[in-house]
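Coming up, as structure tokens: structure 1 and structure 2, two forms of one and the same protein chain.
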Structure 1
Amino acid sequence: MNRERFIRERRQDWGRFEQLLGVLQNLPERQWRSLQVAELARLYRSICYDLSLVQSREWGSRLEEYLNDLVAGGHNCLYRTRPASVALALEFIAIGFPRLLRQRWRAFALSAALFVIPFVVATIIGIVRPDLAVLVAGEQELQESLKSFSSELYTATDERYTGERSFMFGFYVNNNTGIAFQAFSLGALAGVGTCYVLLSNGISIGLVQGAVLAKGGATAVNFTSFVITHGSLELTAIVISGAAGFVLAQSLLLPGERTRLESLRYHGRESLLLALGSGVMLVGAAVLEGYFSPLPIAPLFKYLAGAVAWLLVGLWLGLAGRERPVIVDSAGGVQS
């Protein structure tokens, strides 16, 4: 596409955007109509892409300046009354993050398959052949894990509990975010690195889990009641980090009609947002693993808490931020 054809095909949208911008800028927000805002947001996204295209192909400073003004005006209009940064971050985690994840469901499904299937298979193998877990964790480390879960970690929330759990919280944050960062960042290696991180962690975690479950009795109960609650956030976040890595890989391998630089800007931003969201989940998992999972309470309460945690995570990621359906009544009115 040459410059003249590009301008001819896009001029109508630019004019419509200017018209909407003029209308909304002169109205208080309570008088904005949802259809107008939706159209403005759609045109704003397309004009952002137009601007990046003009900049990359150097189609003239006047055209670039014109589109830049449109983008700036649209940004100021759409975000002029946005809440403070903390509130905006909370809104993203509550609504924007699960919505973005659903848009990238293919990357999430691929990541889940590469982690969950090896994890389940390795767990079964670990139960049948617990000796194989030694190859992953090492003899000494595995025996220490088995010993630690052979009885309750604590009998009271005393000074020892507080000191040790604060230290372990920091350890969990560092360890889990390290795995997630690898899954995300190694997506730059055409996704091969992300595949390796997901497969290797699924196999290693599964084998060790299987070896612990093979002991049965109190060891298995203490272990499952310990991991069930924080696992809802931790394991899901690792899978999401893998999805972020695959989105990053897509920008390099499948740029589509965009140049690779344009594709990296577009997909890379969404990849980073997914990684940041998973990072928040991992911090939450570390809080649970550090302070709730080892509490000296009956395993039944932990199982109930774990079931609730998995349900809430599923509802959050599956439903949060969904648009309410628009219904047109018999009189032609619009209902939400």
Structure 2
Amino acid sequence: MNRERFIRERRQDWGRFEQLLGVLQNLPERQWRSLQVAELARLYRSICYDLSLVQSREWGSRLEEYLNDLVAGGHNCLYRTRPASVALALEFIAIGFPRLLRQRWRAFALSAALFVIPFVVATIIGIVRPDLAVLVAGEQELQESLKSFSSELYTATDERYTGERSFMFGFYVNNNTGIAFQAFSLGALAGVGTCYVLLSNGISIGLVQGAVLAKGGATAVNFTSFVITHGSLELTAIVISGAAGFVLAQSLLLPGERTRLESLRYHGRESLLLALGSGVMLVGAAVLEGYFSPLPIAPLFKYLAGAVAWLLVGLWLGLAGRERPVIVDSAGGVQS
């Protein structure tokens, strides 16, 4: 077969393939009809053959380039990974995420140590030396937050507060989740950035908390009852995002038996899933912090809610999605 005849005979199919590809690429996979897919697959296989023919006979780079593009488009269309769905995401949050976290408990422990120890130490220092808090927070901001906690929170039910809550909700989502994602991403630089984010946040939150607690009396009660509920999700999530960052760092520094590149790919996805889970937790925390924590109810209720929240978070992360022991029944079937 010579080149001209080849082009003349095959051109029809190429045109049809291009047209079909154009249609399917712009449709979601749900709307693909089986006949279309069958035709696409058939044409794709024949065009693969055409391409290898042109490659082996060296019939011109332009023809090869054209067929190459067709094959690339078809490959892109036919070979895909399972698309993400809402059901999968929910299942992940309920089961996959706690499971993953327990698998990565070492990174979690490291991250917790780097956050909680400076946090506790800084709180004690803050109680002893409240004046040091200005080092991490501005003088004016500090005075404002002290003042806001010294009086009852949102005692008035006027409309100003409904607006302020939504504003603060947006602020918490942006700020806290941003910090968590940063802690994760900076893990790619061998974990140095993650350490920095964890330490600096632990120290500054601790110092300010210490300064507020040092005031004692109503201020301390208001403050503690304010932070106790959402703190369960928020602090845990920050630690988890740090853990995600350390998983990234581990894949770079300690590839184990994999090559380094394989190690990056292997750990990359799992660490991202951890970070995304902590992002979801932080959005939940922002809802609580914006709309529940400042409610004008007795501190006792808030302490109760806080205890329940910590318990639930602990149960969820500690127990959800455990493997059940596999029972083999007499018929040989497997039940779980």
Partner chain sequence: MPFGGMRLGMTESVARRLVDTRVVIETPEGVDFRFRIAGPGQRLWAWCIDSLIKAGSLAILWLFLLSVGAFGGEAGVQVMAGLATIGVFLCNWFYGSLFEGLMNGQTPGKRAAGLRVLRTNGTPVDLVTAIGRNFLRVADALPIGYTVGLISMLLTPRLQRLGDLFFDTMVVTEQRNPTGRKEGLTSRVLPLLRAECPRKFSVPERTLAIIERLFDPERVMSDGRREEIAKPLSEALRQRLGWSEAWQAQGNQYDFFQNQGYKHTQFLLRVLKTFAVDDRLGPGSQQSGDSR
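As the structure is a prediction and not an experimental result, all values here were calculated from the model. Numbers follow structure 1, counted from its first residue as 1. Definition used throughout: the rigid core is the maximal C-alpha set that superposes within 1.5 Å between two forms.
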item	value
Selected structure - criterion: the form predicted on its own	1
Core-aligned CA displacement of Gly191 at least 2 Å between structure 1 and structure 2	no
Rigid core superposition, Ser293 Cα moves 2 angstroms or more between structure 1 and structure 2	no
Did Gly73 shift 2 Å or more between structure 1 and structure 2, C-alpha, core superposed	yes
After superposing on the core, C-alpha shift for Ala38 between structure 1 and structure 2 in angstrom	32.9
